[in-house]
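Take a look at this single chain, the form predicted on its own, given in structure tokens.
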Amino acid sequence: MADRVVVVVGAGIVGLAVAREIGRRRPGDRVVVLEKEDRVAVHQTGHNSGVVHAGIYYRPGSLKAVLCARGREMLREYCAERSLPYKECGKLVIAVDDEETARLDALEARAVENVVPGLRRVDSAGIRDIEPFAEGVAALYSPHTAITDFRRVAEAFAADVVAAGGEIRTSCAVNRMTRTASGIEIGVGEQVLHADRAVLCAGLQADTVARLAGGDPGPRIVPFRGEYMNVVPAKSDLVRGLVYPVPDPRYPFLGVHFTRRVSGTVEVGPNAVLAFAREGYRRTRFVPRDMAMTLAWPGFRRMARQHWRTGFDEMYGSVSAGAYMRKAQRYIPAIGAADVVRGAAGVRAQALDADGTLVDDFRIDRLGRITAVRNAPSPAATSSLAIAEYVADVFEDKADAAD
């Protein structure tokens, strides 16, 4: 097949990893990344906690489980090669009562099936040996859970794309796509770019961009803002690594936790609050179009009817530092509301099916010559290099298929 023009929409860590992988596999292809912002890694990539997950939480055999395990090893090697920060500070997932201990048992079985490296169960004394100021009745300890700086990783991926002859075009928002007999016409403003193949990695805009390509209306992206507290320097030494609660299995969120960053600071969070804008990093940001899309989706209404109490609780914690920190203090009592200041926030692009189900796995669809990444929340950053392999495999497997 002749050399192709391949367009990747979205310059977050997944889009850049995909562009890098396609360029590596077919050096003769012209790879063009289109990003609506003026730089790479602006949204989810630049607003996450920097945790490199070990694979504890994910359903065995799922894309998340498989690609997280492979991606973690690939990312560790990549960071070593590029002298990027990567520290295996370890993670405790702590149960503080009998109900959480029962959930911890189920989580341990899942983690064992996922072959999480070095995983072990510890009791209350073992918790204090690892994190002297943490409390609980039992915990899972994952010594190879790590931290990095995903923005810097994404910037390194971008440099690889350019070094291989690819292009990254910023301030280029895609506003239309037309599939033709020979390829795809992609509109950016008044300009049209002709591509042979395209990969959509649009994150918070994944559903809207997929619909431009003729994809199904669902799943719909529903944005959840995750807010962080910063622990004051006088108390930051009370946390050595990562301290997590046992997650509620009804939700794909991991709960408010303590995270040491590669900078040495410690954060508490994130929560999960419905955002009133796709890029709603502030509580006061409201975009009518975004909110209308959320409210119009039947899946949102079904989810809201079932989980409104949890949503209200999250919103209360958003405005009350005391309520926010009471959850976290169950695990490290010595750090309370007086020991934190409000920090940054991120927005998670959570896909929601029409029946109200929060999509709990990566979702990657084929639309003829277009591959659409429809759901890629955490651990997508950890898994990015492995997701890129997977997408490229799908991409190449059907590269010659007709629309």
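Counting begins at 1, following the sequence as shown. Values in this document were obtained by computation on a predicted structure and should not be read as measured data.
The same protein also has a form predicted in complex with a small molecule, omitted here; what follows describes it.
Undergrad: Taking 4.5 Å between heavy atoms as the contact cutoff, choose which of A173, A80, A109, A102 touches the small molecule in the model of the complex.
TA: Exactly one residue meets the criterion: A173.
Undergrad: In the model of the complex, which of the listed residues (N114, S142, Q205, T294) lies with a heavy atom within 4.5 Å of the small molecule?
TA: Spelling it out, the residue with a heavy atom inside the cut-off is Q205.
Undergrad: Does any part of Y324 reach within 4.5 Å of the small molecule in the model of the complex? Heavy atoms only, please.
TA: Looking in the model of the complex, residue contacts with the small molecule do not include Y324, since no heavy atom lies within 4.5 Å.
Undergrad: Going by a heavy atom distance of 4.5 Å, is R30 a contact of the small molecule in the model of the complex?
TA: No.
Undergrad: Taking the small molecule as it sits in the model of the complex, is C201 near enough to touch it, meaning that at least one heavy atom pair lies within 4.5 angstroms?
TA: It does: once the small molecule is placed as it appears in the model of the complex, C201 has a heavy atom within 4.5 Å of it.
Undergrad: Is G368 part of the interface with the small molecule in the model of the complex - any heavy atom within 4.5 Å?
TA: No, G368 stays farther than 4.5 Å from the small molecule in the model of the complex.
Undergrad: Name the stretch, out of 22-30, 330-338, 352-360, 372-380, where some heavy atom lies within 4.5 Å of the small molecule in the model of the complex.
TA: Heavy-atom contact with the partner occurs in 372-380.
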